[in-house]
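Take a look at this one chain, the form predicted on its own, written out in structure tokens.
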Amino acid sequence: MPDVEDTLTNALRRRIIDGEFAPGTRLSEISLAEKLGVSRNTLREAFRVLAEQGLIEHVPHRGVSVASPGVADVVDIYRARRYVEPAALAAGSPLHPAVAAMREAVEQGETSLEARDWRTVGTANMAFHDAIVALADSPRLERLFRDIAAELRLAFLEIDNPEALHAPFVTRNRALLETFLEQGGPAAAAELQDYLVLSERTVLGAFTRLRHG
């Protein structure tokens, strides 16, 4: 059974990656502890864990703020993704139970695209990639990727054009799933490498436009 600190950490983590606290937002220890009904010591422990996950940062003389990923962070996030995801897909079986989650995420993304619900499109996209990593049957890799994906969602929150960010990858997710089912893991992994290069370029391009807007 999870303890109070685990529950609090997970709740704060979800609120951060859902955009309730925007990147760069200062988190007041006193007011947040009162609002959540927890002790400041408990909140500090949650902050410690979230800092290790790259979601918040301690700024000298300013306290705790939600992390604001930069270009170097995005490059490193995608470097990690290219090591983890294609390997999981290449070795994965189309009969693995995680394929059902891949299919469900693709369908949710397509439904949300029609509704122009970009937040849900983004959530479905990350669920698709979570399911790819689940093909490896490694809880440690899944925990690693969970943290990578959370940092990526923070980067996404800084981009003011979610349609350009997410829409092109809905059809690519469908195509990648079909390649995996029809041609197998190695072919799908090669496709995913190209996919991740395009995704990185899309995010970095959006960052560049924001900074030179």
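Here the structure is a predicted model, which is why all the values come from computation and not from measurement. Numbering starts at 1 and runs along the sequence shown.
Heads up, the form predicted in complex with another copy of the chain isn't pictured, but that's what we're talking about next.
Of the candidate stretches 182-190, 30-38, 49-57, 162-170, only 49-57 contains residues with a heavy atom within 4.5 Å of another copy of the chain in the model of the complex. For His61, a non-hydrogen atom is located within 4.5 Å of another copy of the chain in the model of the complex, even though that partner is not displayed.
In the model of the complex, none of the heavy atoms of Arg26 sits within 4.5 Å of a heavy atom of another copy of the chain. At a distance threshold of 4.5 angstroms between non-hydrogen atoms, Asp130 is out of contact with another copy of the chain in the model of the complex. Residue contact check for Ala80: one or more of its heavy atoms lie within 4.5 Å of another copy of the chain in the model of the complex.
Looking at another copy of the chain in the model of the complex, residues Glu110, Glu114 and Arg174 place no heavy atom within 4.5 Å of it. Contacts of stretch 141-174 with another copy of the chain in the model of the complex, defined by any heavy atom lying within 4.5 Å, are made by Leu141, Arg143, Leu144, Arg146, Asp147, Ile148, Glu151, listed in sequence order.
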